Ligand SMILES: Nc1ncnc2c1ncn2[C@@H]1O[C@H](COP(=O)(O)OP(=O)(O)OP(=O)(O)O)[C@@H](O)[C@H]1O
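In the block that follows, a single chain appears as structure tokens, in the form predicted on its own.
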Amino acid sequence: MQTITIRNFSKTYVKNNQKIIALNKINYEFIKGKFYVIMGKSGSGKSTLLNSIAGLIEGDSGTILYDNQNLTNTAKLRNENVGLVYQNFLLNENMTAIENVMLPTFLNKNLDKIKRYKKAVNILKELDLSNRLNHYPKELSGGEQQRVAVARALINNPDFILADEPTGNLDEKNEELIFKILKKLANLGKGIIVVSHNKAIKKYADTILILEAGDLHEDK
């Protein structure tokens, strides 16, 4: 069973000459096939933790391992095993939906042009976007853009999906749709790690984690 293991991971910032502890010797193991939600007050370090797992932020100490391999130092390992979904979608405005989805595959030498196109088409079809393949982001609704972002995260068939406030810019209907998609992915064996302040997500989670004062613990 694939895991992401955090060992004694710490991260501090300095603001106005004051030391701010965002993460304080975090220890936790995320298991593939479960839906995890990380909650906490604004500024508690939730996004810092998620971006550290994604390898976008370097910690001061400690390690983050994917099946005992250092995830933070290996771009190829992250690209193949971790998919990212963000609140603001981060789609390329000059690319169509299908081009945005195919983008991460260009580092995958096992996929030629035809294979990556077919794979992107199939994923977008599963997310009910088969009629939006050639639409640009500005031609899509917020919910459709977020589903394209989910499809992009799935294109390399990663074991884990990381999502930072994935429904923050969506209405209630699309919010529920995204939560259901993520839950379905967990049921299909993906490890889902979501940072959210939205209490509506709780009913979809297998495990709720609370981050406060630099400490991560399971909600009881």
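Note that residue numbering follows the sequence shown and begins at 1. This is a predicted model, so every value here is computed, not measured. Take the two forms, find the largest set of C-alpha atoms that superpose within 1.5 Å, and that set is the rigid core.
The protein also exists as the form predicted in complex with the named molecule; that form is not presented, and the subsequent description refers to it.
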Problem set entry | Proximity of K46 to the named molecule in the model of the complex, heavy atoms at 4.5 Å | yes
Exercise. Is K173 close enough to the named molecule in the model of the complex to count, meaning some heavy atom within 4.5 Å?
Worked result: no
Exercise. Can A200 be called a contact residue for the named molecule in the model of the complex at 4.5 Å between heavy atoms?
Worked result: no
Exercise. Counting only non-hydrogen atoms and a 4.5 angstroms cut-off, does K180 reach the named molecule in the model of the complex?
Worked result: no
Exercise. Looking at 34-42, 59-67, 147-155, 185-193, which one sits within 4.5 Å of the named molecule in the model of the complex if you count heavy atoms only?
Worked result: 34-42
Exercise. If you look in the model of the complex, which residues in 3-32 sit within 4.5 Å of the named molecule (heavy atoms)?
Worked result: Y13, K15, I20, A22
Exercise. If we fit on the core, is the Cα of N108 displaced 2 Å or more between the shown form and the other one?
Worked result: no
